[in-house]
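Let's start with one chain on its own, the form predicted alone, as structure tokens.
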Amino acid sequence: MMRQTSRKVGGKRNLIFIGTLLVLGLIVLLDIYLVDRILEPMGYFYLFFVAVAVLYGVYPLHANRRLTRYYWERTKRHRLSVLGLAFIILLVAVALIGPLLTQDPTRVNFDEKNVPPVGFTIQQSVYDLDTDKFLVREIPGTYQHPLGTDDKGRDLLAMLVSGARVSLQVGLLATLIAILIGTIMGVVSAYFGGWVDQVLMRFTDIMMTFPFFILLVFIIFIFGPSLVFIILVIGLTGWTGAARLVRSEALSLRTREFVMASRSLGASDARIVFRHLIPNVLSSVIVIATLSIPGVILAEAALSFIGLGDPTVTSWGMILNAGQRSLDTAWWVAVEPGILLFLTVLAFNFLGDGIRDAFDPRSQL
């Protein structure tokens, strides 16, 4: 029975993944109706992300070590992609370890407001009650706040570390949801064709007619901002481009000999889709995912910048919003998150370009 079910869904890996989804769904139902709180909402996203990463990321890389080594050697020849990967690994390490080593990003201390970064000195006018005059004093940067403070005295280093965690959470988790939906929609549409293809692609066309960011702003404005909801909205509305690209590649695969042979041997549609088609479009999916993450990070930063981000977390967009009001007195508040946002987007784009060239047999790497 187990073996037959495994064959129908395309292998043990897919069966384990479906079982994991069912368990997570059961826990969500228990969390809603029976138990006060089993997991935080972000906990479900983390478990889902880990399950996908292990089953469809770590395991295939380990099982096909020779092929992995070959593509890694090709990727290494693209030096900018290696540089981008190094920056992303550093950013992930900072997001994981940084909160343990930095101050509370929400701690307010007006006695230390607008302290510049280390190595810089600013002049401030201070009213002296004794002389009834404004006095000019110099405020140097201190190692207690190496990247300075904002107009409320909050430590910029702690705020940037918190922002890195938020950006990576939204970028990785929302992209994962969008890519999964887009891949399944594209492959199913290409494989079945006919009315299935017409319905799915017309629905995709309708979704693509709405400006992505305006649709995002409209939905969050109605239902309210929260980090979990922002991830869901971006993931559930940002899959259209991936679906189109995956469909175009799957159309050429469905008439290949190995697909026709599987069909003639009596393989189920689900087995052909999950065992043969999806694994053969994974190279394109990886490239699409890597190049989609920067757009998602920018979308979250833009939402926070215009005041529609989660007010309970500190994000780079929120810091930029606070910094643009005090550019003349505390320029570093806006410049530092802007630089980090620029470098993060650039790093993911470099990595995506390198992976794309590594998977492209026509590339001269």
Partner chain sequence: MKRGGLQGYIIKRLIYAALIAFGVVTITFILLRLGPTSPADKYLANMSARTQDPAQVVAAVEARYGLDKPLYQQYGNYLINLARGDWGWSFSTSMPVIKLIQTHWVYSFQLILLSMLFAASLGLLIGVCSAIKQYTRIDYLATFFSFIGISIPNFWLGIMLILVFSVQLGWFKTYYDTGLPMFSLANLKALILPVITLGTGMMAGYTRYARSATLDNMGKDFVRTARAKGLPERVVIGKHVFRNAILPIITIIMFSLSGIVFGGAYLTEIIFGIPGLGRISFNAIFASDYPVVVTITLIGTLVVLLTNLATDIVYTWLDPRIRYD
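Residue numbers count along the first chain shown, from 1. Computed from a prediction, not measured in an experiment: that's the story for all the values here.
There is another form of the same protein, the form predicted in complex with the partner chain; it is not shown, and what comes next is about it.
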| property | result |
| --- | --- |
| Answer option from 219, 94, 83, 139, heavy atom within 4.5 Å of the partner chain in the predicted bound form | 219 |
| Of 327, 42, 30, 58, the one that lies within 4.5 Å of the partner chain in the predicted bound form (heavy atoms) | 327 |
| One stretch from 112-120, 167-175, 220-228, 152-160 that, in the predicted bound form, holds residues within 4.5 Å of the partner chain by heavy atom | 220-228 |
| In the predicted bound form, residue 357 touching the partner chain (heavy atom, 4.5 Å) | no |
| Heavy atom of residue 16 within 4.5 Å of the partner chain in the predicted bound form | no |
| Any non-hydrogen atom of residue 311 within 4.5 angstroms of the partner chain in the predicted bound form | no |
| is_contact(residue 146, the partner chain) in the predicted bound form, heavy atom dist at most 4.5 Å | no |
| All of 242, 274 and 289 with a heavy atom within 4.5 Å of the partner chain in the predicted bound form | no |
| Neighbours of the partner chain in the predicted bound form among 206-225 [non-hydrogen atom within 4.5 angstroms] | 206, 207, 208, 209, 210, 211, 212, 213, 214, 215, 217, 218, 219, 221, 222, 223 |
